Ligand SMILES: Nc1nc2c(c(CN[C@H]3C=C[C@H](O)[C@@H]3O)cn2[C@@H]2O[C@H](COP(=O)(O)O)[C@@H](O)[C@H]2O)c(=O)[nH]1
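Next up: a single chain in structure tokens, the form predicted on its own.
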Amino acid sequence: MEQVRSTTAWVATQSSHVTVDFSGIEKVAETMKNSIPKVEWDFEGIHYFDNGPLTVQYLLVLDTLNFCFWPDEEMSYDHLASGLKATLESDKSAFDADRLQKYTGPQLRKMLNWSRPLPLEDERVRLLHEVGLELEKSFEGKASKLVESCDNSAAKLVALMTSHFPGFRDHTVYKGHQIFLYKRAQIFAADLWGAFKGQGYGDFEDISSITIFADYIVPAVLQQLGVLRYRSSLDNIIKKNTEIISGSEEEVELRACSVYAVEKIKELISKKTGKQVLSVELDLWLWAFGIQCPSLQHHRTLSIYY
């Protein structure tokens, strides 16, 4: 994941709308050093898990659809994970590659027990079709075959994901430079690692290569913690709930500076404690912090990469 680290670090050096505050990094690292959570992947019991290939298929479908809930204030990741779990429990073939290619928006809503159109519903359906088609074409229809071909490397899995599935190619151009973020592809690797407890399909020798998952909650948490500081014009846009266009300088800086800042927090905690810290663990800590702050104001961008 060196591409993600190096390009987001470059954005941080060029950023004009978002600033990384190193005194804030020091304070957060000191606070977090003794409270890094152990990753409990299914602590809420909302995910499907059978310790086999069907779990891998479930996770790929889950992470294909894991983006952009905010336009519907009542929709959440929990609805997605538990809805897909219930679907698979009632029909073990629901996520077969040939069926993924045929789902419609209303059928997806039914799976999630949702009565109205989903945010970016057409895009969600398109991505399901894309994943089903490529699984059938290149991996015998099975996500487990995709994972088996990565040689126990999370970085190689992310590379395979982004080369085979265009919907996972989370990169953009900023000031003439290509910037890589790869949120959902990295989440797939992290979900496998967490679900299988680092064994079997989740056995990655380089899980430490994964960065945080640059979404819309993490930047807001980092700002609240004093790690990120926003230019007044950007701060006003966020406070007014005005949409920030995907690929704009502001949007790229919010996500890229978040990745860079958390990498620096991770390095500092490791230095303070003498222990390896995983970005996956820090992401969980930050996400949990954000969920506990209902008044947290995040930026709003309509994108399949969130």
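Remember, predicted model here, so these are calculated numbers, not experimental data. Residue numbers here begin at 1 and follow the sequence given.
Beyond the structure shown, there is the form predicted together with the ligand, which is absent from this document and is the topic of what follows.
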Segment that reaches the ligand in the predicted complex - one of 231-239, 89-97, 213-221, 151-159, heavy atoms within 4.5 Å: 213-221
Taking 4.5 angstroms as the cut-off for heavy atoms, does Asn66 touch the ligand in the predicted complex? yes
Taking 4.5 angstroms as the cut-off for heavy atoms, does His47 touch the ligand in the predicted complex? yes
Going by a heavy atom distance of 4.5 Å, is Asp170 a contact of the ligand in the predicted complex? no
Applying a 4.5 Å heavy atom distance criterion, does Leu284 contact the ligand in the predicted complex? yes
Taking a heavy atom within 4.5 Å as contact, would all three of Asp42, Asp191 and Ile291 count as contacting the ligand in the predicted complex? yes
In the predicted complex, the one of Leu108, Leu128, Ile187, Leu135 near the ligand [non-hydrogen atom within 4.5 angstroms]: Ile187
Pick from Thr104, Ser76, Gln178, Gln199: which residue has any heavy atom within 4.5 angstroms of the ligand in the predicted complex? Ser76
